[in-house]
Ligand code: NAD
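In structure tokens, the next block holds one chain alone, the form predicted on its own.
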Amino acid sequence: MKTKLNIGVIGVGHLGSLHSKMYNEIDSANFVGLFDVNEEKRKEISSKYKTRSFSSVEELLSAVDAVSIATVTTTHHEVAMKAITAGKHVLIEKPITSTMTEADELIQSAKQKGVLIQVGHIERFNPAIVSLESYQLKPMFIESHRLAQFNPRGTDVAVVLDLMIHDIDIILSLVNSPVKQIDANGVAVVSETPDIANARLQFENGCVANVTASRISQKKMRKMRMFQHNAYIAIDFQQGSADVFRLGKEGEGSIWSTMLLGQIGEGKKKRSIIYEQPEIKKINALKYELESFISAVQNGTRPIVNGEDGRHALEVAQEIMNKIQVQRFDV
């Protein structure tokens, strides 16, 4: 039986309190304690989950092997650097940092110290994405919509870094090809940064992704549609489900196939149109994410979303914001 990983949480606002809740439930974690600059908040959360409230980041780091960093984005670099310098593994909520230079410094320092960085792109652990692991996904056209109702909590960063970056990360992991060109537009409606944005990503392999994010919508939506040779895949992140429409040989199907929608072709080339809804695992995405981080640390394996992945998503997000800024100045 493996020794439990001594772990703590830095920053116990909305996300940090959820990390605390999950670590308190994970068998492979020894939730040592937490820190937050807000003394009242840290005492409230530590009391709720019956763990220790530390009076400083340094004090917490001396008692753990790894930490979740759920502070505001502008402090990610400073806090993570303290942890990495102290030889601690880190899970950093998305985006990894505010700038590319900061991300590069963290990644380089982690390599030198021999510690792991995982970035909190939680949609990689969404049941809908997990259900598609057995499929060969090679999308050539992607369309995604991530819409949310207005919440002042997220307005410290542009909607590209707040919401769109989730889909950017998913798309980059699926396409696995360098980005060739980016076109983007956005509007600042109720905050000082874009609240709604659209980007068109063109990849060197020919794939095109059309990505929209908004935080001023009436209804929530977190959907992605992918088109590839012989298949169409629809993902609903909010429901945690996926639908697959694909071409197969006559009579072909799987345990998830529920119907044949017809046939195309003639003679020996006749093929069936198959509809499948992959089995959805009953998992909590955040808990699964944190468990995978602990497992990577304990086994010395690559995190599912490592520092380089977080850097890549940030790089594309920054380029999208640069395009939006250029267009704003051109008006």
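Start at 1 and count along the sequence shown; that's the residue number. What you see is a predicted model; the values in this text were computed from it and never measured.
Below: the form predicted in complex with the named molecule, not depicted.
Remark: all three candidate residues (70, 94 and 120) come within 4.5 Å of the named molecule in the model of the complex, counting heavy atoms only.
Though the partner is left out of this view, residue 276 does not reach within 4.5 Å of the named molecule in the model of the complex, counting heavy atoms only. For the chain shown alone, residue 202 is not a contact residue for the named molecule in the model of the complex, no non-hydrogen atom being within 4.5 angstroms.
Residue 88 falls outside the set of residues with a heavy atom inside 4.5 Å of the named molecule in the model of the complex. Residue 38 belongs to the set of residues with a heavy atom inside 4.5 Å of the named molecule in the model of the complex. Only one segment in the set 223-231, 185-193, 71-79, 136-144 has any non-hydrogen atom within 4.5 angstroms of the named molecule in the model of the complex, and it is 71-79.
Taking a 4.5 Å heavy atom cutoff to the named molecule in the model of the complex, the contacting residues in 5-22 are 10, 11, 12, 13, 14, 15, 16.
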